[in-house]
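Taken one at a time, structure 1 and structure 2 that follow are two forms of one protein chain, written as structure tokens.
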Structure 1
Amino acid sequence: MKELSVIVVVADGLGDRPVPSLGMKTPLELVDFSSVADVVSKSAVGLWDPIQPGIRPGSDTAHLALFGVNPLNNYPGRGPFEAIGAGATLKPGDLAFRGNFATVNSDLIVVDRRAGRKILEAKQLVEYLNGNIGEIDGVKVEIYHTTEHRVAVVFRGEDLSDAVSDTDPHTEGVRVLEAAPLASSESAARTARVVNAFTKRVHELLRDYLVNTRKSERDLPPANIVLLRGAGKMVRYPKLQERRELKIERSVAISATALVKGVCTLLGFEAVTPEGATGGVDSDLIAKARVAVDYYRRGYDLIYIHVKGTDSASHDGNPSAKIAVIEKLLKAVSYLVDRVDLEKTVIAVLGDHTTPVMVRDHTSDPVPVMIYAPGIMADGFTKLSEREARRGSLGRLRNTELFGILMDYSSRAEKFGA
């Protein structure tokens, strides 16, 4: 059987719950699907639990499962993915965190966990910190800007432990946390001390930095601290090209999100960020579709497009922004459909997890998914939503099962057994 090209399009945090202000409908139910109704009608529809029912997935663990790696008992923490996606080269023993620029008051009470989210001076702030922090107790610190308010922080030194708690309280109106050892070892205790010294040093450097002084004068939230979470050490996963049960040689991930690029890089993808792709609600999604078509025409086996804006809108509790991003995404999907050979292509559109706008965080709700493939038993729906997905023929998939189905329909999975 001839292998087919596979295009996977993920709207981060796509799934939702009924929203009172939307007449108890979800944002997805109010989206205009007319531009892609034909391909949806020729697709099979269902639900996907990225991990398993009842477990709230992170974007990193969801992406591992999406591409065939079971993250249960095989997860190092989010930090290394974020750092690799931001351009860091991690060495054995390196400790990495994901982080936020945030705004705190003089008592270190968190006023804004994202310091206004869109920080135009973020790269300047990172350069300033990297030029002034130096080493902490013999541990070298490197900070990398990812997107918007997000950073990755790498600690490099002897005998570091990832058994330390977050400094990010994950909410506003409370004090920045002190990192604490999560294991009874001197390594964990020392690492916690280094992390706390880092937090103090960063705040001292940023508190009176001219950039932040000027932001405060304009009544903008100053980025005067870095909150850390998701400590982890480097781990190696088999790359898609190394997996003998798969027929994949070339794959590309098109994303502006460091975390996603980091996961995909570890799994063997090339990672590309087109001009105009921001990782926010303002991202140029047609630019991503153009790049996808280019790689498709160059014969890549697996092409992945990641859209972060849906999740950003969800975390902000903004249903109208979420609807707008989904509609932008569907125009990009329509652009793709018009420029590929549907007799030689498998296309999947889905979310990586559910982020309800009323919750403003990830939940364990399964996410809707549609799969188009030549000869697939189509469900005949004209739109994709959480309710339609519950009636779809794909049923309720979990963990790596979705990837297996994509590989089967594209004839890229080896037969199991004789």
Structure 2
Amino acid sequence: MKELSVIVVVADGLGDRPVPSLGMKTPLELVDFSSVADVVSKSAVGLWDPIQPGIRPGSDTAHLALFGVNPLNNYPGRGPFEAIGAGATLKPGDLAFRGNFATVNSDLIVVDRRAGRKILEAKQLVEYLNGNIGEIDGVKVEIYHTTEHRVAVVFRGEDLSDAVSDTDPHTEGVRVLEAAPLASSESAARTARVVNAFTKRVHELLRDYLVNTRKSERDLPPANIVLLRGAGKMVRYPKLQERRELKIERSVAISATALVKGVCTLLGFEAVTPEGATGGVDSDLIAKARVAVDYYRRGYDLIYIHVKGTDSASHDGNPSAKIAVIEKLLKAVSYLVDRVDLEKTVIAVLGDHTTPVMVRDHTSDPVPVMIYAPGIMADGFTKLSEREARRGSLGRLRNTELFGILMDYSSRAEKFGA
């Protein structure tokens, strides 16, 4: 069989639970599917648990599984991916922590683990630190602001170890912890020394920094230290084009979201953000579809379109905004379907995880998925929803299984065995 093109369309946080204000329907159940009813009816439908039932996926772990890497076996923790989500480019061996701006008193007792949580000057503080910390024992340090009081801190140097304990005591009223080596290696001992020097240096820099003084004068707790937790050492992921068992040469991820672009880049995708794609509910999704068609015509093997607006609407607890984004997304899918050769194309539409508008956070509920492929046994549904998906013939797929199916239907998967 000749290899087919694969187009994967993800609506971030697509899945949902019954919503009281929608008469116990889900947003997806109220979406008008008429623009894509034909291709849906030719698709197999089912559920996908990005990690496994009962595990709440992050966007990073979900995307690893979506593209064939089991994150249960190969995930260095949130630190490196928080940094990637904040725009960092990490290399294998880089060590990253999740961090908090916090408030300590002169004895280094933690007074507020979040320094008041809303830190208006966070960007300014991070810039100041990055400009003044310098290297520590030959190790380069980069701080990335993520949200509110949260940062990711990357240490880059030779032979760093993730076997070091947190400096964050995870509670208030006690002293900032010294990082300790958790292995007997020289590498762990040195890394702990570097981390402790970092803590000291950050506190010295922030203690007298003008912005903090001003904040203090306004009776807000000053952000005068960074507490670190969850050391994680960036791993090397096999790129799609390096994986012997797959026939993938060129792949592209079309997204406006740093974390998604970062994960896809690690896996060997080119990553592009079309003009007008914002990552929000206002994003121009036809612009994304247009770029997808362009790469399709250029013969790319795997084309990935990621839409963030559904997740944003979910985190905002806004079901009507979620419905609107999904409908806009389906128009983009329809645009695509009209422009590709359905005899030579596999198309999957799904979520990367469920973000119910009533929960406003990722849950472990499986996501609905539809797979169109030449030759697939179609379920004949004319729409896709959480309820249809529970009756779909794909059943309940886990982790990397979905990717395997896409690779098989596109004739890109090697046989396992003789």
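Just so we're on the same page, rigid core means the largest C-alpha set that superposes within 1.5 Å between forms. Residue numbering: sequential along structure 1, first residue numbered 1. Given the structure is predicted, the values throughout are model-derived calculations rather than measurements.
The second of the two standalone chains is derived from the form predicted together with another copy of the chain. Of the two rigid parts that make up the chain, the smaller rotates 34° against the larger between structures 1 and 2. Comparison between structures 1 and 2 places the CA of D94 3.9 angstrom away from its other position, after core fitting.
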